[in-house]
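As a starting point, one isolated chain is supplied in structure tokens, in the form predicted on its own.
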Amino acid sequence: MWGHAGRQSEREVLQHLVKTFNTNQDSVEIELTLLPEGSYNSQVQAAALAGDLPHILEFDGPYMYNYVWQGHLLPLDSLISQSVLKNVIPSVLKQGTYREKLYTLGMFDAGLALYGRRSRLEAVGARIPHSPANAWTIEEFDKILKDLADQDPDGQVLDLKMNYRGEWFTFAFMPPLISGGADVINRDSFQSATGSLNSPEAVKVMTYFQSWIHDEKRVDMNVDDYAFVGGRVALSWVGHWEYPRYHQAWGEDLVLIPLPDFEHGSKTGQGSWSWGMTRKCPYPQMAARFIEFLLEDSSIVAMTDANGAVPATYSALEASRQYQKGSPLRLFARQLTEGYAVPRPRTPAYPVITTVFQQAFLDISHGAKIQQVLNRATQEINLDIKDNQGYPMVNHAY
């Protein structure tokens, strides 16, 4: 079994769970190999090409569809019990499903929102929304940034985690596109980005980001990753993983706020690591029992206490001190269970889509002409889909 080597506390929980599963039954013994997170996808892809994948495999969720298309994964639908599946939150099921078959299940999902300083927002008369249903409109959010900037020494009041790299840009900035009526691809057919990524709606959304980052310079580029905890900005657009650090810095002054509504409702990101099994697995029933074991409340709560992520089942959400009703991070759970989360495109073309979108966002943030950038990105995505004949499903021999 391969898993990604996350933070030390996360690794220790996974190692303990594997040991416990092996101790409690004598049919199989699972051997865990942890691979570095930074090179995980490339190592899995190399093993897939060499026909050397393990029996059980952890995936960075959105990359799963490409492995299914290549014929490496076994559907889980008939292997996992219905009682377990009914307990899994919809965002995790949605991420793990491709062409109406379930291939992966995660122990946790991700949260994305705005963290704010209550005192600084109240100083400019901003209301503080607590539900995605009454999120700030984009015009309201834009005015709040201006009002905050007017009271700030350098006018930089928003952290977009521009110091992050890679997948962050798609995870964080694809939801605003969809909130604005655009997308990175047409999700009816998954055959073209034309009219989605280069639409007037996409240009309008990206114009806001270019204004905040490049023109008005309201975004702290955050090279030291200290913009919010150091008090330089009042708002930080980031995920669940920053809560411990932010709460330690600001305590009761910290508020969690849904992302702004760009005219079609507030949307948020989702998707995280999940487990599946390869077609080489000689013991699919036992592999399924192990995945079910990972989805027990005690397993999920131990893991999410270690990594801070959002539990993947309804019962584990209510067992979690951070995410149960009335808890400080409940907004993340509501977003994932009430339909505000948008999965990244469920297509084998995703590795290309995300690479192209990341570069487009960076080009726009540096002041490039938005329509030209989005037209070029659209052409690159369309060309990849054309080169792969639309990514048709292939009946593999094994």
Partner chain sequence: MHIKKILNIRQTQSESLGGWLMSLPAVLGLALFMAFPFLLAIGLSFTNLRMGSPLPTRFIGFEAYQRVLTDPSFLRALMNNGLFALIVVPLQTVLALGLALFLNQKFKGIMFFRTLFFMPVVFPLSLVSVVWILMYAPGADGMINAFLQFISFGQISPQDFLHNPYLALPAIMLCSIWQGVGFQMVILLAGLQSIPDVLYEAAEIDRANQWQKFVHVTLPQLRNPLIFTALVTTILAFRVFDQVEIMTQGGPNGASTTVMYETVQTIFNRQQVGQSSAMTVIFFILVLVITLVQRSAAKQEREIE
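Positions refer to the first chain, counted from 1. Computed from a predicted model, the values in this text were never measured in an experiment.
Here the subject shifts to the form predicted in complex with its partner chain, a form of this protein not shown in this document.
Q: Is Gln371 part of the interface with its partner chain in the model of the complex - any heavy atom within 4.5 Å?
A: Output for Gln371 is no: heavy atoms all beyond 4.5 Å of its partner chain.
Q: Answer with yes or no whether Gln389 is in contact with its partner chain in the model of the complex, where contact means some heavy atom within 4.5 Å.
A: Gln389: yes, in contact with its partner chain in the model of the complex.
Q: Even though its partner chain is not shown here, does Ala47 get within 4.5 Å of it in the model of the complex, heavy atoms only?
A: Contact with its partner chain, no.
Q: Would you classify Asp363 as touching its partner chain in the model of the complex, given a 4.5 Å non-hydrogen atom cut-off?
A: Answer yes; at least one heavy atom of Asp363 falls within 4.5 Å of its partner chain in the model of the complex.
Q: Heavy atom within 4.5 Å of its partner chain in the model of the complex: which of Lys143, Arg321, Arg165, Lys280?
A: Selected option: Arg165.
Q: Could you work out which of Leu329, Val352, Leu34, Val28 is the residue within 4.5 angstroms of its partner chain in the model of the complex, going by heavy atoms?
A: The residue in contact is Val352.
Q: Using a 4.5 Å heavy atom cut-off, which of 92 to 100, 293 to 301, 217 to 225, 255 to 263 contacts its partner chain in the model of the complex?
A: So the stretch in question is 217 to 225.
Q: Glu58, Arg245 and Asn307 - do all three of these have some heavy atom no more than 4.5 Å from its partner chain in the model of the complex?
A: Checked in the model of the complex: no contact with its partner chain for any of the three.
Q: Taking only heavy atoms into account, state which residues of 61 to 79 are within 4.5 Å of its partner chain in the model of the complex, ordered by sequence.
A: Those in contact are Asn66, Trp69, Gln70.
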